[in-house]
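What follows is one chain in structure tokens, specifically the form predicted alone.
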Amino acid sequence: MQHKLTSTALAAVIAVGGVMATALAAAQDNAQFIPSMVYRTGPYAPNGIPFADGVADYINLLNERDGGINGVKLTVEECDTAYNNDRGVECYERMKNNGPTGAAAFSPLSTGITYALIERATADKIPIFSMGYGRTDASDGRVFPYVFTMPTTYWSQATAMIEYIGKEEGGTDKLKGKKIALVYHDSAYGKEPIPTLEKLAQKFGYQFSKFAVPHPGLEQKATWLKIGRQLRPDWVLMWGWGVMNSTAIKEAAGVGFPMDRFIGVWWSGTEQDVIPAGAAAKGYKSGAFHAAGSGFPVHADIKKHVHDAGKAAGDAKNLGTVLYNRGVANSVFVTEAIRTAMAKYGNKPLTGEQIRWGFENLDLTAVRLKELGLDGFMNPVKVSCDDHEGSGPVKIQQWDGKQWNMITDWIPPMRDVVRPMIEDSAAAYAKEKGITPRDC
């Protein structure tokens, strides 16, 4: 049976629909827009999904529990890059002007996409937040005012790893003559630590060898035969991503390389990397800049206000995994930068330029982290005009076959090595691009 609306009834429906649309538009006009670059599809989706869930769930927590930030609701839109540089640029261009004041900040979740967006975002006055990835030299805020790399970078992590290896060998003076190899994703991301590791090889006298692994990283047998049967290094470091990591762990075990002398970058230290490798992964280590596990107050709040309310972004089983927690950390930095900026510009949706000020004046103290339910989750971070990284310490974690355990305290980076490298590289970039560095 067909139902026909009278002209009066139709007018009423249109009126109600108009009111709803107006109310929705008004709500969005009063909301802070946060773009979310994700990859729920593509070859790295198993890694991208839990990160994206953590990002979304934390922002949802602020909306559901607190009504947003200082009464300003947050809206999030995802754009799937599939970890592809061109798609990342497309996502940026599509979302940069969304919301009443434009995008708050972009987190590309890819070193390649970060490189592709720096000049665009700087021209558009929108912050790029590359948390633990991207260009390390972008830590120099005098040259890169719109790029933020806290809480630490690949170069800082590389020095912390060598510091840790030195301690395990009885002191960095004992590194002379040792063999240290790097297995890396053959991309801008994978190549990031090479200059630092080469500089440290000159400083400490260890023999440094590097092995590139082409995307996606399934073909490594020949690489590990060279490492395990010919080179026989004392330690192996890995800058991998996705299936490359679990494949490397299996191949390393296959040639008898000891797992407790195999250390991955923090993007190679997740459940997705070790669980597929099974028993072979026990003893494997990685860098870390935040804790794993769901035993923090913030997780209890997410479960109560988001998951139990049926508003989780994805599978609740991801709660507390390394990459889920990293997504939470990402949203903490972005939202606290917004909160910091509101203290200067008022409780309203802010522009990217205003939020840039919030990032640059961010001071996440131990007291504030405890207030956020993150006591012991990560190290306090303070950013400044010339230093967009912060102090940059790293921990080493180890897989015991069931979970990740921290086995060190915070290891400070070798700032005497890293900072001059950052400044020299940033100065070269400034000269190439005709940039006059800010006077901080």
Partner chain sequence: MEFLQAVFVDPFVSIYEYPLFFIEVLIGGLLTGVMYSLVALGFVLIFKASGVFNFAQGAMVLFAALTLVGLMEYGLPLWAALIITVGIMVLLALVIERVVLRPLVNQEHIILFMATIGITFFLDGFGQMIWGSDVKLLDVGIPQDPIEIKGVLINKFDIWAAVIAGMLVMLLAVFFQRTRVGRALRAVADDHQAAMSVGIPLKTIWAIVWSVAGIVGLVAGIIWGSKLGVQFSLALIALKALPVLILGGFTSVPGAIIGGLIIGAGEKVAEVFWGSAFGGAIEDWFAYMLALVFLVFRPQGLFGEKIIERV
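Because the structure is a prediction, the values reported are computed rather than measured. Numbering follows the first chain given and starts at 1.
One more form of this protein should be noted, the form predicted in complex with its partner chain, which is absent from this view; the next part is about it.
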Query raised in the report: Does each of A212, H215 and E251 have at least one heavy atom within 4.5 Å of its partner chain in the predicted bound form?
Result: yes
Query raised in the report: Here the chain is shown alone; which of V255, A343, A300, I194 has a heavy atom within 4.5 Å of its partner chain in the predicted bound form?
Result: V255
**Report entry** Residue (of K167, K226, K370, K311) lying close to its partner chain in the predicted bound form, criterion heavy atoms within 4.5 Å
**Finding:** K226
Report summary line: Given 239-247, 326-334, 131-139, 106-114, the stretch touching its partner chain in the predicted bound form at heavy atoms within 4.5 Å is 239-247
Query - its partner chain contact in the predicted bound form: P46, any heavy atom under 4.5 Å - result: yes
Query raised in the report: Is there a heavy atom of D186 no more than 4.5 Å from a heavy atom of its partner chain in the predicted bound form?
Result: yes
Query raised in the report: Can H307 be called a contact residue for its partner chain in the predicted bound form at 4.5 Å between heavy atoms?
Result: no
Query raised in the report: Quick one: is E219 in contact with its partner chain in the predicted bound form, heavy atoms, 4.5 Å cut-off?
Result: yes
Query raised in the report: Taking its partner chain in the predicted bound form, which residues of 271-285 have any heavy atom within 4.5 Å of it?
Result: Q272, I275, P276, G278
